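This document starts with one chain, in the form predicted alone, laid out as structure tokens.
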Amino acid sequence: MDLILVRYGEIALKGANRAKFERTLEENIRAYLKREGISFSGVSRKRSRIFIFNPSSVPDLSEVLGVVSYSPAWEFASLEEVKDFLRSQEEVFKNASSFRITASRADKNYPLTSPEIERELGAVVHGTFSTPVDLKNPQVNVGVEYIDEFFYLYFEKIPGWGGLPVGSSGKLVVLLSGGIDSPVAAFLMMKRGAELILLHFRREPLTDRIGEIHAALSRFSAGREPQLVIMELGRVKKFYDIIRRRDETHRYMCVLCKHMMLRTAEKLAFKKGALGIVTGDSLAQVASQTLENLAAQRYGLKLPVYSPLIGLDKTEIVNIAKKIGTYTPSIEHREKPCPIHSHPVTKARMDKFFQFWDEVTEKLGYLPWEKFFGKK
């Protein structure tokens, strides 16, 4: 192996902004390699590919968002060199039941077409090892790409998550509950290029859960680890106590508390230069996530709220959580549930919501985030 050949997808469609996205992905790859202790002689890009030269080992680039696929590869200056290399691969082809050559050319001025390259190289393998050709279901699929006067050969194409590189789309504040949903929402926004600030409201002594979730998400951040901000809910205990004193207000607890959290996240976003808020809401999954309740919770916010899970069901969310490594810490360190009313409101009325919010904040004498961020 001489290098790692890295492919990306939608970045190549970014027009005038394409170079910015490519540079960000290249920077993230460098940061990831350094973090993992993988030495390399250089990282460069050409023809919609990124090249990692002379890596000390094969990195797991699926942890770098924006990478569609990657391949350990060999570099050759001529087609004859490729043929000589294939003749030396007895271990690969001798006992293989079938093979295929898949060629592509970034430079269409090369005298042979892609099918002609495939036929020439296929003839070498078959003539040397008598291995049958199977174009539909080969045991060995040899990839060959011709890019700027060099041939790059590889035997595997390892999939990545794709998407956009972290840091290419601005900064967002995530309401991180520590349950299954919000870490997945955070990951999906990272996959769209967002750099994250994670805001966690802590009701109990801090367990390893939030740290483990933060570490799992940081695996995909490639040198842009999400900042973790902890707000002690003991600071707003009086806020909860006032809500619980009256039965009708208590039914609105989830809506009022979520509004308080969103307003706090908005204050943090303004302070940190973030452009929006991310939640793990999935429509109608729980009582607080009906359309009526979501509308009340978000009313009056100046920044947009993004909910990437809004149309997913629990099974889809859990599957992603397992793949990214946040599922286990989310279920192993559960906090006691918030003491909500036995019949929480599912269709919040705006007039009631405003009435209860004004009553609570008036009795409190201050807004919950003022003791955390200050009044300004």
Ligand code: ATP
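The model shown is predicted, which means the values in this text are computed figures rather than measured ones. The numbering used is simple: start at 1 and walk along the sequence shown.
Keep in mind the form predicted in complex with the named molecule is missing from the figure; the text below concerns it.
**Q** Wondering, does T279 line up within 4.5 Å of the named molecule in the predicted complex on heavy atoms?
**A** Contact with the named molecule, yes.
**Q** Is the gap between L172 and the named molecule in the predicted complex 4.5 Å or less for some heavy atom pair?
**A** No, no contact at 4.5 Å.
**Q** Should I180 be classed as touching the named molecule in the predicted complex when contacts are defined as heavy atoms within 4.5 Å?
**A** Yes, I180 is a contact residue.
**Q** How about L199 - does it come within 4.5 Å of the named molecule in the predicted complex, if we only consider non-hydrogen atoms?
**A** It does: once the named molecule is placed as it appears in the predicted complex, L199 has a heavy atom within 4.5 Å of it.
**Q** Just to be sure I understand the contacts: of M189, I243, L121, M261, which is the one whose heavy atoms reach within 4.5 angstroms of the named molecule in the predicted complex?
**A** Spelling it out, the residue with a heavy atom inside the cut-off is M261.
**Q** Within 4.5 Å of the named molecule in the predicted complex, heavy atoms considered, which of S288, S71, S98, T102?
**A** Spelling it out, the residue with a heavy atom inside the cut-off is S288.
**Q** Could you tell me which stretch in 217-225, 279-287, 109-117, 156-164 has residues with non-hydrogen atoms within 4.5 Å of the named molecule in the predicted complex?
**A** Stretch 279-287 is the one.
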